[in-house]
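The chain below stands alone and is given as structure tokens, in the form predicted alone.
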């Protein structure tokens, strides 16, 4: 019996040591150094990306005081719907009042809502909703086709890779996320405009035909992409928000 006790104690000590190692450090509790009166989006809302992937740009929110000035050291917490994630989920604002997070989209196509929260001096929660868009395979193909064939005219902003042609056109094309326009046009008419040109559906003749360039499945992918990124959202069919 004595020998068994002598053998057991070292084993018990080793197990206790392992248990202590597994516990790990305790995360610090953040305490705000200041409070704001408003919470606004700085950048990163309404981005679109392939399901399950990180967004190209970070999401940036800003805590302001009553005069609209950024508040440093304010506590911000963010939650994402479903299996989307934001990192870090909690933190203090920088000197300019901004708080920056990275977002990874969930595994189901649709819109994922991110809710950002800060608190005023009385402890009242101030919230801000931001939507991010997870594209399925067909919708993501449409996004790629848009970048290759459409965005030069339908996007006003120039990039290093693409110089916008928007300002050179007499009739300004609608951005593909312009739900106020595209939500009033049915799928068949959008497909016809892409395939046969704007004049086919009484739109601008400056819109060329792409029927000789794009297959029917390509055109369907572009229509699907337009529906996915619509603002306000397109509600006729399918999911608007993923995994609420």
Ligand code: HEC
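Residue numbers count along the first chain shown, from 1. What you see is a predicted model; the values in this text were computed from it and never measured.
This next part talks about the form predicted together with the named molecule, which is not shown.
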property: Close approach of residue 206 to the named molecule in the predicted complex, 4.5 Å, heavy atom; result: yes
property: Contact label in the predicted complex: residue 110 to the named molecule, heavy atom within 4.5 Å; result: no
property: Residue 165, heavy atom within 4.5 angstroms of the named molecule in the predicted complex; result: yes
property: Contact flag, residue 121 vs the named molecule in the predicted complex, heavy atom cut 4.5 Å; result: no
property: Sole residue of 171, 156, 102, 144 within 4.5 Å of the named molecule in the predicted complex, by heavy atom; result: 171
property: Option touching the named molecule, based on a heavy atom within 4.5 Å in the predicted complex, out of 37, 200, 190, 51; result: 190
property: Candidate stretches 64 to 72, 178 to 186, 42 to 50, 29 to 37, one within 4.5 Å of the named molecule in the predicted complex by heavy atom; result: 178 to 186
property: Within 4.5 Å of the named molecule in the predicted complex, all of 133, 229 and 234 (non-hydrogen atom); result: no
property: Sequence-ordered list of residues in 121 to 143 near the named molecule in the predicted complex, where near means a heavy atom within 4.5 Å; result: none
